[in-house]
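Below, in structure tokens: the form predicted alone, a single chain.
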């Protein structure tokens, strides 16, 4: 059972990781003079959109997510609306946090909010796919020993890696190296994306390595 769960997770993560690669390659073919640095916002939203679509599709096909007690159309619409609102609140939350950490308040506001959208896509969207719009479940998963499945553990790892990656990406910005990737918020978005990819790889490896110590029940 453990091996099947881990293999399924590794396959899902490989597909999601490939979406980042495709989001970088496809615009290079379709958009004139496309580059990660020169047309950074195009690349950022390409990655965010691709990861969002693939995440939703993969977890829906795998049936990963909280069981629903109601199957009525009104309940599904309400759930969708709440998920969209949670995502919007997450973008505003990350935007506020980034500003509090030193990002310009008014200058480059679009770039700062775009970073918040990317971070929300890499973190909050996965919470919505796996846990649904349930704040109590989110608090449980991110509390100590709160994971109840391998997917909860993978969510902890990928979320942590994405946020830490964005934080580490901010360190080179004030240095006087005069590199194109030091323009706000390129290094942070690259750091978040690299951290996310690292988490996708690390999660199944870590779970497989520590599977004997993990005692939660697999859903």
Partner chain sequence: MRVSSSVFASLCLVFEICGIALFLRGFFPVPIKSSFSTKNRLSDFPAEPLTGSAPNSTKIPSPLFKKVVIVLIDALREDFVFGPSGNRFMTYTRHVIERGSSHSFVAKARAPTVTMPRIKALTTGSIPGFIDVVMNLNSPALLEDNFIWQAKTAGKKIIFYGDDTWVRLFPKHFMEFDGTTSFFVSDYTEVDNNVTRHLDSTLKRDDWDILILHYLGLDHIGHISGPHSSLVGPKLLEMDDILKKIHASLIARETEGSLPNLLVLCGDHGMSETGSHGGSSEPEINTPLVLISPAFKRKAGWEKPGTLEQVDLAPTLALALGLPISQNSVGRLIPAVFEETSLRDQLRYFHLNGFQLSALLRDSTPDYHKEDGYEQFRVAEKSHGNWMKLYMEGNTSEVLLNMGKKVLKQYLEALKAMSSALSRQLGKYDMYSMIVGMIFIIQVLLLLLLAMPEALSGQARVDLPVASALLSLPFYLLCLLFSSVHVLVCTSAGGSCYFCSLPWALVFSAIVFSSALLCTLVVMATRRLPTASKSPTSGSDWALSELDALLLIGTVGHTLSLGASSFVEEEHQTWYFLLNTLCLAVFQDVCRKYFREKRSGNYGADDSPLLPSNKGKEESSSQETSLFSPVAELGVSAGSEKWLALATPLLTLACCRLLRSLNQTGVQWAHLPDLGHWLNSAEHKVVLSLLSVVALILIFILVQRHCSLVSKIALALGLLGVYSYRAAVGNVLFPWQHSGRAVSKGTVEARFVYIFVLGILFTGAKDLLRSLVASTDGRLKSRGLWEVYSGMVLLVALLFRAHNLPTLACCLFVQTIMAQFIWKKLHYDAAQTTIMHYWFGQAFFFFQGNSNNIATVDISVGFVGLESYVEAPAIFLTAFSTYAGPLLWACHLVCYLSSERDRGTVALGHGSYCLALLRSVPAVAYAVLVTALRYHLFIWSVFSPKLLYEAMHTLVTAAVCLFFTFMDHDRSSRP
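Numbering follows the first chain given and starts at 1. Fair warning: this is a prediction, and the values are worked out from it, not measured in the lab.
Just so you know, the form predicted together with the partner chain exists too; it's not on screen, but the next bit is about it.
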{"property": "Partner-facing stretch of 164 to 172, 47 to 55, 189 to 197, 150 to 158, counted where any non-hydrogen atom is within 4.5 angstroms of the partner chain in the model of the complex", "result": "164 to 172"}
{"property": "Every residue of 27, 32 and 181 near the partner chain in the model of the complex, heavy atom within 4.5 Å", "result": "no"}
{"property": "Close approach of residue 101 to the partner chain in the model of the complex, 4.5 Å, heavy atom", "result": "yes"}
{"property": "Contact label in the model of the complex: residue 77 to the partner chain, heavy atom within 4.5 Å", "result": "no"}
{"property": "Residue 72: touches the partner chain in the model of the complex, heavy atom cutoff 4.5 angstroms", "result": "no"}
{"property": "In the model of the complex, residue 105 touching the partner chain (heavy atom, 4.5 Å)", "result": "yes"}
{"property": "In the model of the complex, the residue from 109, 81, 97, 88 that sits within 4.5 Å of the partner chain by heavy atoms", "result": "97"}
